[in-house]
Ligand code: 1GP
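Just one chain follows, in the form predicted alone, and it is written as structure tokens.
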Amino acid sequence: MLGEQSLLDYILSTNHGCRHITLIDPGKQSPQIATSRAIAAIEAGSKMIFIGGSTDTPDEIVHSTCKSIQEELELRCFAASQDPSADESTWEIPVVLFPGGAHALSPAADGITFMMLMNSRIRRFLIDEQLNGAPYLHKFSVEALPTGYLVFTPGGKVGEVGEVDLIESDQIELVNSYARTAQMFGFKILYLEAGSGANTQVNSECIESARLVEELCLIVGGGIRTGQQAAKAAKAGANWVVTGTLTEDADSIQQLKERISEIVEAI
């Protein structure tokens, strides 16, 4: 949900420093819980909501979650428009699909990370899922965000399902080669992923190596649970930092807000 600015321009903008994305897995919570968590995350400073994660979540569940969040954002934005002391832009936050495949789409989303899993060994995640999803995205005018996707050790579920040649923390030059390749393909975004629930984050030197390709917007996720870890990624050159597990593991909405506020303040 944005104003007149395009989603891609919003994401690529460097005027705001490093920003935070909250990843919500619709397969692990009801649309109502997902919505309350998304609103809490935005109140804590998140500037984008990703919807995705589980590889087998059907599109009706993904759609229900996107629709519920969007409806609440519209209500919040309207309420702010009626209050002279409130800022409508607080609630003009995009809801973006981060899908496990062409089965997990929704016309209620503002856009989609239209990704190539660049270090996959199989055709499915290089082009087949994209071929299946493109007609649907075109039909419903969901904005596609050209994204290269790289998975690092330990990789987690995405590394396993994607049959990935995982990038090791010391393969600094390889990361730069991937970044150059992504830029030459015309990708605008490069997502560096350590895997959901990872016990280590993407190596700072790898982020710095990708950052040498200045034309790319870098999104970094996986293994980031503290402000210190988030700051490390931001300092290395991340434009966006993604967290998901710390949201799912929060015991309460208040704890969720505290955790995300720590991340946002650190970056």
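Here the structure is a predicted model, which means the values were calculated and not measured. The first residue of the shown sequence is 1; numbering continues from there.
Just so you know, the form predicted together with ligand 1GP exists too; it's not on screen, but the next bit is about it.
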{"query": "Which of 237-245, 208-216, 35-43, 63-71 sits within 4.5 Å of ligand 1GP in the predicted bound form, heavy atom basis", "finding": "237-245"}
{"query": "Contact residue in the predicted bound form, from 196, 106, 119, 147 (heavy atom within 4.5 Å of ligand 1GP)", "finding": "196"}
{"query": "Interface membership of residue 23, ligand 1GP in the predicted bound form, 4.5 Å heavy atom rule", "finding": "yes"}
{"query": "Exercise: residue 125 in contact with ligand 1GP in the predicted bound form, heavy atom 4.5 Å", "finding": "no"}
{"query": "In the predicted bound form, residue 223 touching ligand 1GP (heavy atom, 4.5 Å)", "finding": "yes"}
{"query": "Exercise: residue 98 in contact with ligand 1GP in the predicted bound form, heavy atom 4.5 Å", "finding": "yes"}
{"query": "Residues of stretch 71-86 in contact with ligand 1GP in the predicted bound form (4.5 Å, non-hydrogen atom)", "finding": "none"}
